[in-house]
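First comes one chain, alone, set out as structure tokens in the form predicted alone.
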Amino acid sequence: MASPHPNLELRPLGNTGLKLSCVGFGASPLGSVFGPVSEHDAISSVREAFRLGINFFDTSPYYGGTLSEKMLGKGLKALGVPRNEYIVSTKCGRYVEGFDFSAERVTRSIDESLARLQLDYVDILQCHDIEFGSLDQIVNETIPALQKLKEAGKIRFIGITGLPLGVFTYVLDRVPPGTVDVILSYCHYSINDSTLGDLLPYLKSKGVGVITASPLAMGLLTENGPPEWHPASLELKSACQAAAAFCKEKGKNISKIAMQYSLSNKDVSSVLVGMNSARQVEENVSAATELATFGKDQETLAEVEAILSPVKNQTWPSGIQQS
């Protein structure tokens, strides 16, 4: 199989030395989290992603009760390329049976993940949704356990994920510099909520790489609208619906505008998007290559931002959706 072609921009991830494709493959849908996905579709979406230049794949044992890791493992194996040609991130601490950030559990977790992924190591292991654990346990127990896994060669870099932005500064201010390599934030760098932007200079000063997920705000910035369980206020949902209708009227797609908005900040190493079909992969890569060639659609973006300005940076309760 051909190596990734160079059309998709690669961006450095903090001080890790890794270069991630600006579009990252979010593998939670491979766990049939949003509806059934066949093994064939899972494998073909991974193959198509790699063919089009995506080199970063993110999963978790929580997604689909370990099914996402198994499917991603099969997809990566089917690529038949050297291991150093793709970057894999998985998580620990959040499982279908609940949260457990103990040293014992996360140490066992990586061996289980590696078996499912059919890999000898992962590039990044992240503590998953740390706001649901004790942040002091994350600092004093979980991260030291991950450092041991790093020394053992099972992981290369350490990350943390969560919804409230305050969890990142809490942990990073309490661990030795260079201990945490990466943060993964979701729903805080999209047209309706760009609060992650305020944190970027701080993260840069710490040498921490930044990955953002959910550029479509978990379905708010789509023509179909969010799922029923979405925790946003009615006011925010209705403003996003109006913005989507406005784009459609102009012959534009709000999801593409939203994706390009998130991609346009070069301080974000990769924008993770959940994908479960070759078609979705092609749409996301096309949004990125179009942005690189022609730049943002400033006129439409300005109009969408004006529609969303009354609800800009509205937060919602954490814990509804996985990061």
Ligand code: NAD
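For every residue, the number given is its place in the sequence shown, counted from 1. Computed from a predicted model, the values in this text were never measured in an experiment.
The form predicted in complex with the ligand is left out here; the points below concern that form.
| query | So, in the model of the complex, is residue 27 in contact with the ligand at a 4.5 angstroms heavy atom limit? | reply | Yes, contact at 4.5 Å.
| request: Mark residue 218 yes when one of its heavy atoms lies within 4.5 Å of a heavy atom of the ligand in the model of the complex, and no otherwise. | output: Looking in the model of the complex, residue contacts with the ligand include residue 218, since a heavy atom lies within 4.5 Å.
| task | With heavy atoms only and a cut-off of 4.5 Å, decide whether residue 273 touches the ligand in the model of the complex. | result | Within the cut-off, so yes.
| Does the ligand come within 4.5 Å of any heavy atom of residue 283 in the model of the complex? | Taking the distances in the model of the complex, the answer for residue 283 is yes, it comes within 4.5 Å of the ligand.
| What stretch, of 209 to 217, 141 to 149, 111 to 119, 231 to 239, brings heavy atoms to within 4.5 Å of the ligand in the model of the complex? | After filtering at 4.5 Å, what remains is 209 to 217.
| message | Counting any non-hydrogen atom inside 4.5 Å, which residue from 107, 222, 169, 137 sits next to the ligand in the model of the complex? | response | Contact with the ligand in the model of the complex is made by 222 alone.
| request: Would you mind picking the one in 180, 184, 88, 244 that has a heavy atom within 4.5 Å of the ligand in the model of the complex? | output: Only one listed residue qualifies here, and that residue is 184.
| Heavy atom contacts to the ligand in the model of the complex at 4.5 Å, residues of 114 to 134 in sequence order | Heavy-atom contacts within 4.5 Å come from 128, 129.
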